[in-house]
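Below, in structure tokens: the form predicted on its own, a single chain.
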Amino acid sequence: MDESLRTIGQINNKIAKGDVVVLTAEEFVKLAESSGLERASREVDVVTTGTFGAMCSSGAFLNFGHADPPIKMTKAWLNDVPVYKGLAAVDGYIGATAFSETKGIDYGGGHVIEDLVSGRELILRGEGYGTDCYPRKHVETVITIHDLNQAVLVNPRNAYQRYFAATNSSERTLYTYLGTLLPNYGNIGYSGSGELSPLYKDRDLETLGIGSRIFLGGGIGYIMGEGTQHYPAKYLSTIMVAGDLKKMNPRFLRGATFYKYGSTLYVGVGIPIPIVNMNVARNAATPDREIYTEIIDYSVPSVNRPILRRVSYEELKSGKVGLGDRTVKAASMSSLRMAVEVAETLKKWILEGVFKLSRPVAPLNKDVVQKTMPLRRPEPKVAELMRKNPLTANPKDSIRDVSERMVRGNVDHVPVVDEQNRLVGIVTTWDIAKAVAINARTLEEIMTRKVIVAKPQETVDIVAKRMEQHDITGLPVVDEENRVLGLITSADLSRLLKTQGGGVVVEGPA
């Protein structure tokens, strides 16, 4: 075990006396590199960290107080954003990703929380069914955070140790929680603050635990326990946190919307790392160039997306990342400038004696293994619905001949294939109609060459979403060698007529 350098109690005594030595994580990295780790660890008592990014698993418990006559609210809204009401009469939980029933994702729970902390007026609506002790059935009023009895920020998962970076190999733009991903590896989105990361600076979780006092949203908060999806073995630890929303600062709690993805809340989190031994010091001194994450291809609709390469936060922060034979622009979805401000603010609080460190009452679990959701109900696959042996054509076929075959077969989509049955294009009834206008003779003059396809083992909900995204009604089904196996259309999807026992039942032959 590493030699003990100091205890949290000794550090708090130094805070009280005004002679504590505090550096931000960035400053400590530089000191350790210039003066050596051993000297830095003996000179510095506390290292402050910071991150400021979108933390979708955030929200607040609110108590609105009783109306007169009282109401047991079964539904509630703040500025038309639904408030969860599976709680007591006038308690509710507003989640950061809930969104307005009138404005959509442009205004959500994250914006409501920011408005509350900013002292703005919000419209509260509530509905109930009426009881002997809660006779009122409807309420509508204007409130501010000062009218609430309690407003407690409770975030089930914040401050990942590190985040995956995301890119997109497909030919269409993707809208994700790591930003807009341009086609054909057009950019890389990432999050996290690297060498300022609160959990990475104590990556072995030696000093953090239940009850640890932290910087949260511009106020003081506490670690409640491990966060959801906590996975220490892969350096993907998270924390569950709570704090008094009334004492927070809107500068460090900002509602936001990711374009075409959804609403969220940007949260400022900072954790003081007491330098109690050399292992903690080594972790706290880890620079960006030694903090790695993986670049993931988000165009693959699976939890097991392909890993394209490992990349350091130093390279990510440079704004240019090598990917294969190309250089791709990288942009952070977090604010590195605000992360520095969080760490600097926490440092100032400690130096001024207004923030003392706390001993955890219990450690965070280090043995958690994350599992994916078990899918034990049958899910219809494309292979079950597709039309096998569909009508196909050759690029040299005449438009007149193909149009006659389409009429006889009563089909609207014809995959165009080569001699090996590999897909090279597609024509539809619209293409045939257009051919008449331009006096075209063969399919290769009118066929669409960039074809959106489906794979036989894909689930039908994925394929339905793809049709919607591209505003098309039919997809050729191909194997790994791009050979045509079948065709699936919106008419085929309509055969999913009903749901029984929690699973979708396919009626009729595929």
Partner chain sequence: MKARLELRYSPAHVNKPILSKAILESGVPINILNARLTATEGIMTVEVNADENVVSKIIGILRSNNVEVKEIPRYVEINRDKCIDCGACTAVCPTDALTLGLERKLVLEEEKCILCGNCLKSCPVRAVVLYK
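Numbering follows the first chain given and starts at 1. Here the structure is a predicted model, which is why all the values come from computation and not from measurement.
The next section is about a form of this same protein that is not shown, the form predicted together with its partner chain.
Proximity of residue 367 to its partner chain in the model of the complex: non-hydrogen atoms within 4.5 Å are absent; the residue sits far from the partner. By the criterion of a heavy atom within 4.5 Å, residue 93 is excluded from the residues contacting its partner chain in the model of the complex. Although the partner is absent from this view, residue 243 stays clear of its partner chain in the model of the complex, with no non-hydrogen atom inside 4.5 angstroms.
Contact annotation: residue 180 falls within 4.5 Å of its partner chain in the model of the complex, judged by heavy atom distances. None of 350, 435, 333, 139 but one reaches within 4.5 angstroms of its partner chain in the model of the complex through a heavy atom, and that residue is 333. Site annotation in the model of the complex: the residue of 99, 185, 258, 355 reaching within 4.5 Å of its partner chain with a heavy atom is 258. Residues 254, 266 and 338 are all found to lie within 4.5 Å of its partner chain in the model of the complex, as judged by heavy atom distances. Contact with its partner chain in the model of the complex, judged as any non-hydrogen atom within 4.5 angstroms, is confined among 258-266, 423-431, 152-160, 77-85 to 258-266. Contact residues in stretch 15-41 (any heavy atom within 4.5 Å of its partner chain, taken in the model of the complex) are limited to 26.
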